[in-house]
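One chain comes next, on its own, written as structure tokens: the form predicted alone.
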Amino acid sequence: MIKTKPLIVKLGGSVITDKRRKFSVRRAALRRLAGELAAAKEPLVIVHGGGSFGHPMASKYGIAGGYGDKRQLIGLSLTHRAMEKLNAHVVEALQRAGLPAMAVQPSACTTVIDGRIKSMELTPARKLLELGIVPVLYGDAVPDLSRGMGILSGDQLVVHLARELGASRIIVCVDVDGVYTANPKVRKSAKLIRTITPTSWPGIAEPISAAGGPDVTGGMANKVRELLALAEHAVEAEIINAAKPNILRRAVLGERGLGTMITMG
């Protein structure tokens, strides 16, 4: 049994990579974020997105749409390898910050049907947490039992892990201050939404823009949809701007209201 409920932190691809340049890691940002995560007082589970590693490859080969022709086989392999490379950078940064991080490969322990998690073998991850290890998972290119192949998003992964591991809460790190009424990088009139609930979401879902750069997992709107499913199970989530120094540190130490809260209301 895990004695203390874990805190799950999702490091968005936009924070740890430069989505405008393929296979580009924001090394200084990653080092800073690892240092901020090291301040946590509770067990950690880290999930990271694909950023400029996974998304361009998955998009090029149409992995998210399922198997169509043999050309996609090398695409599935290359997408997964790209994510392994990014994961290695994340794990190394965490280790350098003094966190005993270990990679857990989602595609090796997850059954996916029609793009949704059917089951996931989490016994090793639970044992790692018991030992005081920080499991590090990521969005992955996966075999899909109905479509042949697909993409398991980090956002879906976070929600599943929170349910199965009994998380205390979720922190989702992005490169804007939270969820806006429109893409704040494009529209200056966009307004920050401080709280989203299952009741308020239908009225604001339509205008929310997807994140900039190629993203095969649905961008900001999809993040909110996934997290709302957790809100109904009384698991609190917050989307914060981890591109700003010390925001993540404050969040992992328990401060709320730093971005957009996803709650039952």
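Note that residue numbering begins at 1 and tracks the sequence as displayed. All of these numbers come straight from a predicted model, not from anything done at the bench.
Separately, the form predicted together with a further copy of the same chain exists; it is not shown, and the next lines address it.
- Between 178 to 186, 191 to 199, 161 to 169, 100 to 108, the stretch whose residues reach within 4.5 angstroms of a further copy of the same chain in the predicted bound form through a non-hydrogen atom is 100 to 108.
- The shortest heavy atom separation between residue 78 and a further copy of the same chain in the predicted bound form is within 4.5 Å.
- Contact between residue 152 and a further copy of the same chain in the predicted bound form is not found at the 4.5 Å heavy atom cutoff.
- Proximity of residue 116 to a further copy of the same chain in the predicted bound form falls outside the 4.5 Å heavy atom cutoff.
- The closest non-hydrogen atom of residue 141 lies within 4.5 Å of a further copy of the same chain in the predicted bound form.
- Proximity to a further copy of the same chain in the predicted bound form holds for all of 91, 124 and 132, with the criterion being a heavy atom within 4.5 Å.
- Contacts between 61 to 77 and a further copy of the same chain, taken as any heavy atom within 4.5 Å in the predicted bound form, involve 67, 73, 74, 76, 77.
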